[in-house]
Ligand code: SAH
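The form predicted on its own is given below as one chain in structure tokens.
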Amino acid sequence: MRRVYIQTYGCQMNEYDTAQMLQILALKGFEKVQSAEAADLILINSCSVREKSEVKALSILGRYAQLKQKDPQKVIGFGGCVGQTEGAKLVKKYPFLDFSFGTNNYRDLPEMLKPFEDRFGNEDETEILLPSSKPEAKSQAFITITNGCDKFCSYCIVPFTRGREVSRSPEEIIREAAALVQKGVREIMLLGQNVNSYWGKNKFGSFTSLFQLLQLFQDESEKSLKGLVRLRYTTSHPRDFDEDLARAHRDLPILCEYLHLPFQSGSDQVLRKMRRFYTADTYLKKMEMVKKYRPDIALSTDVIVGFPGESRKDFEDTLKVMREVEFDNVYAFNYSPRPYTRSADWEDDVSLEEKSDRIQELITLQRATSLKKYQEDIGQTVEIMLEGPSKNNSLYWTGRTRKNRVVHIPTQNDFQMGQLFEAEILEATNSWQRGVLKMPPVRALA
């Protein structure tokens, strides 16, 4: 069997792409291995949305160069977002790289690998089985429903690495979901750079909105998707989040009471420079709308700190939005200029020291809010889906609530990934909860 190792950086979209690559390569006789040393083919699936991810992807090249020096037969390919924009330059700069590929042509990997066939040896003649779409957690899976973005926010490289928005047909998405459910998947996350701009054309030529697609999942949960019990979607854009989607969190039982909706900044002048095309007030009104339909919804968001021209008052406006909404979690990033974007030409005039001070202040505020939100569940009974043994304590297993909160519970010998249980929450920090299964008896919900 040929052996492949894929080093993945970045977001859930990249994780999904890696899973698709493994499926494609499985058809050519490749088996996933856990280390680059053990692989015949090494692929880097890079991300350039955040500077840190890009730096990590480039820094690992030194290690792979050493592996190639020890074993010249290894084939190394550089792909993903950085591969899309800089791949040809990288291959020219680093002679040990054999080829590059981007986010939109990884499905052509079999063709790209043809010049290196003599390095891999013969394919096994035994039947090749496709791996699951997310082998690491078979009870959960991602499905990309739309790729690319048309928004062209001034700081974002996605339109240049992923291209313009393209939506898959609802029939194709449901078929993929049904195949996953047959393999034991119980929770699906629908993915897109701007997932709520989904507008897929069905077999009759009519367009389907994200709201209608969610309704279709609900309808099929008793038919072709029987066994699917949870549905989520990410990442959304406030411009495209409407009342239909807000109401879906109330009316569709399969849809979890959790929403990730990035606001990026609470300052209107910064939002204008970002080309977000909404104001802090319109964002807050959408938060009020979704809470009206689903008062218990858990919310998370993204924030960029230190955008060019961000004043102290602008930053305080961001903190004001955070205090008003009370997010479960906030994913905050220091601004860093990305190539090809509009803001890359602007002066990065907020010092690194000031960015660091501001993000620490933001994190301190959010930790207090997260602790408050997580502690609200103490004494309450929640539904958890088991994800596997705790990574830090062998006496516990980890589950996740419909609100996307991590819960640790004492392990039992018959635990399996994907099982649903009722648990009482006993303790909470700002990032996880501890609970016990409801007794007596321990009752699996499904």
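For every residue, the number given is its place in the sequence shown, counted from 1. The model shown is predicted, which means the values in this text are computed figures rather than measured ones.
There is also a form predicted together with S-adenosyl-L-homocysteine; it is not shown, and the following applies to it.
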| query | finding |
| --- | --- |
| S-adenosyl-L-homocysteine in the predicted bound form: contacting segment from 301-309, 372-380, 284-292, 104-112, heavy atom within 4.5 Å | 301-309 |
| Sole residue of Ser169, Gln212, Thr279, Asn334 within 4.5 Å of S-adenosyl-L-homocysteine in the predicted bound form, by heavy atom | Asn334 |
| Listed residue (Val321, Leu180, Cys156, Ile173) with a non-hydrogen atom within 4.5 angstroms of S-adenosyl-L-homocysteine in the predicted bound form | Cys156 |
| Contact flag, Arg232 vs S-adenosyl-L-homocysteine in the predicted bound form, heavy atom cut 4.5 Å | no |
| S-adenosyl-L-homocysteine contact at Leu41 in the predicted bound form, heavy atom, 4.5 Å | no |
| Touches S-adenosyl-L-homocysteine in the predicted bound form: Lys403 (any heavy atom, 4.5 Å) | no |
| Arg338: touches S-adenosyl-L-homocysteine in the predicted bound form, heavy atom cutoff 4.5 angstroms | yes |
| Residues of 245-273 having any heavy atom within 4.5 Å of S-adenosyl-L-homocysteine in the predicted bound form, listed in sequence order | Pro262, Gln264 |
